[in-house]
Ligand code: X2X
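Okay, here we've got a single chain as structure tokens, the form predicted alone, with questions on binding and movement later.
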Amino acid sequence: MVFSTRFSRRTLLKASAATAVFGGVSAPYVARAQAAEFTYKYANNLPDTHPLNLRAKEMAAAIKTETNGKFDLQIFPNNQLGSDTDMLSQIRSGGVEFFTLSGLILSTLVPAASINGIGFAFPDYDTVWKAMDGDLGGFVRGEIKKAGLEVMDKIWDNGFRQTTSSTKPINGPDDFKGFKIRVPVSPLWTSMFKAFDAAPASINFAEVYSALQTKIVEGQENPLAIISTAKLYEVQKFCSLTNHMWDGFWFLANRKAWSALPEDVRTIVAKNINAAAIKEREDTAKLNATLQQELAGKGLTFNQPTVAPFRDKLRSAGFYGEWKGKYGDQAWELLEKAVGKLS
């Protein structure tokens, strides 16, 4: 299936690009099986037109076929069953059997899970997948399992975050000095932008458009899909492809429910989930490339800064040293093995 022709700006606007931004309820996709022995719920926080859900639908159908109808996966997109926090509780209690969650949010339970969000650690996707399909991802999965959850081998893509501004492009770390930027309520974001001598302001996303419009803040940072769906190009002039944070979705399973599956069914389910993750990564990369062209057509001016000066600034400001202390030597060494020396 080719996604580049399916993702118009119109379809993106009809269903938002990220859960934290938009709610909305639509009927869950259900891979129906006759007399299924196992009927499991999979909850996620993305609209049903997002690559994750399109690939999940294919995955559910393939699992049904390969298990001869024994396994019926019901998909509940777009936070239908509750917020991320609600779902994290439900996946632990068994209220849902599967859930995909950002590592930055999972870190409330598994501190190591947010390490992929360290500022300017990953210069490109090749480096991301080398780390997350390699030793760093293996370490994080081990920490997730210690917390009592099962987790699939492949992490799904949530994309890189970019910086927009109404006043100037961000070409280097000095451009952040005094820059009034909206950030989510998170120590990792606040810590990073303070290290750049910026003026980060925690503002609910529902208020971001008006805050940008009234110049309470000059800029914000988000993946391109959110910049598009929230029409931030109407109140921003520049988009700097800073790629300052990468995040993905871990595919989590309730341990008791996972253990209840026969081994042959577990093998089929895991194989199809991990294969779908690889396809979703490719889809998301294509979508981002399409969105850059569309946003440029809407008036945003794009630039691509060099990563090294940003890293140097974070290093000299003590940001990497601080977070190395929080994550521990083992996790940090695995990160640096993939991305190079940070601290």
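Sequential numbering from 1, following the sequence displayed. Between two forms, the rigid core is defined as the largest C-alpha subset superposing within 1.5 Å. Since we're looking at a predicted model, the values are computed, not measured.
Separately, the form predicted together with the named molecule exists; it is not shown, and the next lines address it.
Look at 311-319, 41-49, 57-65, 275-283: in the predicted bound form, residues with non-hydrogen atoms within 4.5 angstroms of the named molecule sit in 41-49.
For the three residues Asp174, Phe193 and Lys237, a heavy atom within 4.5 Å of the named molecule turns up in the predicted bound form in no case. Of the candidates Arg161, Lys180, Arg141, Lys154, Arg161 is the one whose heavy atoms come within 4.5 Å of the named molecule in the predicted bound form; the others do not. This chain appears without its partner; in the predicted bound form, the one residue of Phe249, Trp258, Tyr233, Trp129 with a heavy atom within 4.5 Å of the named molecule is Phe249.
The shortest heavy atom separation between Tyr209 and the named molecule in the predicted bound form exceeds 4.5 Å.
In the predicted bound form, at least one heavy atom of Asp84 sits within 4.5 Å of the named molecule.
Residue contact check for Pro184: one or more of its heavy atoms lie within 4.5 Å of the named molecule in the predicted bound form.
Among heavy atoms of Ala270, none comes within 4.5 Å of the named molecule in the predicted bound form. In the predicted bound form, Phe205 is the single residue of 203-219 with at least one heavy atom within 4.5 Å of the named molecule. Core-superposed comparison between this form and the one not shown: the CA of Thr85 stays below a 2 Å shift. Comparing the forms between this form and the one not shown, the C-alpha position of Tyr209 differs by 2 angstroms or more, with the core used for superposition.
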